[in-house]
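What follows is a single chain, given as structure tokens, in the form predicted alone.
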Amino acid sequence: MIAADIIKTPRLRLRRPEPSDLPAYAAYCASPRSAFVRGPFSPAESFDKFAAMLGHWQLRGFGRYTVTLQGRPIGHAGPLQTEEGNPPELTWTLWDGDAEGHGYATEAAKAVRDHFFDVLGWPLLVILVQPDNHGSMAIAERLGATLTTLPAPDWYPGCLTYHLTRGTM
């Protein structure tokens, strides 16, 4: 089965990223909001990261969705798989600080989780969270993820590793 191009929730529309999302994404990357993902980033680094987000869909047939609220991009949520054979990582980020505190990240992550588990039949998603990122740890737990004792990957030192399986939702 193929990942949906669009996932809708009562308040949000999640769609494949579009080139017009780059300014909002680059503003997020340049801000302190990107600290939990090793930012802030230069404009060139932001461009590369966004190009990778677009290209992931071409290479894998799935990827991170742009989360939109009333047509405005406010973040992204979706699976990332940089190495075949490893379970995909479920990611979420609100690009716009004004979007925090409304449950949008949880709503988007749940919608992605449900699509990939219920519609596509995936068995496992990994969630990587920095230990100081209490908001994302809370979202992982709301999704039904379980904290593991697995070590952090070399490319994301110090992070906590959660597993989210179909049976724990």
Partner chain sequence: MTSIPTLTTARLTLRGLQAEDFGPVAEFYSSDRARFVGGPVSEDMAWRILAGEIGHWTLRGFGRWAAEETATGKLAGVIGPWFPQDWPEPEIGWDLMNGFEGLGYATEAARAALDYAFDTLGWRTAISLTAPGNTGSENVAKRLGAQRDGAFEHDRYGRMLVWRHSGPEARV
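Note that the coordinates shown come from a computational prediction; the quantities given were computed from them, not determined experimentally. Residue numbers count along the first chain shown, from 1.
What follows is about the form predicted in complex with its partner chain, which we do not show.
Shown alone here, L80 lies within 4.5 Å of its partner chain in the predicted complex, counting heavy atoms only. At the 4.5 Å threshold, heavy atoms of H134 stay clear of its partner chain in the predicted complex, well away from it. At a distance threshold of 4.5 angstroms between non-hydrogen atoms, P43 is in contact with its partner chain in the predicted complex. Contact annotation: L120 falls outside 4.5 Å of its partner chain in the predicted complex, judged by heavy atom distances. The single contact residue among L59, A27, A35, L124, judged by any heavy atom lying within 4.5 Å of its partner chain in the predicted complex, is L59. For the residues E100, E141, D114, D48, the 4.5 Å heavy atom test against its partner chain in the predicted complex is passed only by D48. In plain terms, the part of the chain that comes close to its partner chain in the predicted complex, with a heavy atom within 4.5 Å, is 19 to 27 out of 19 to 27, 5 to 13, 157 to 165, 142 to 150.
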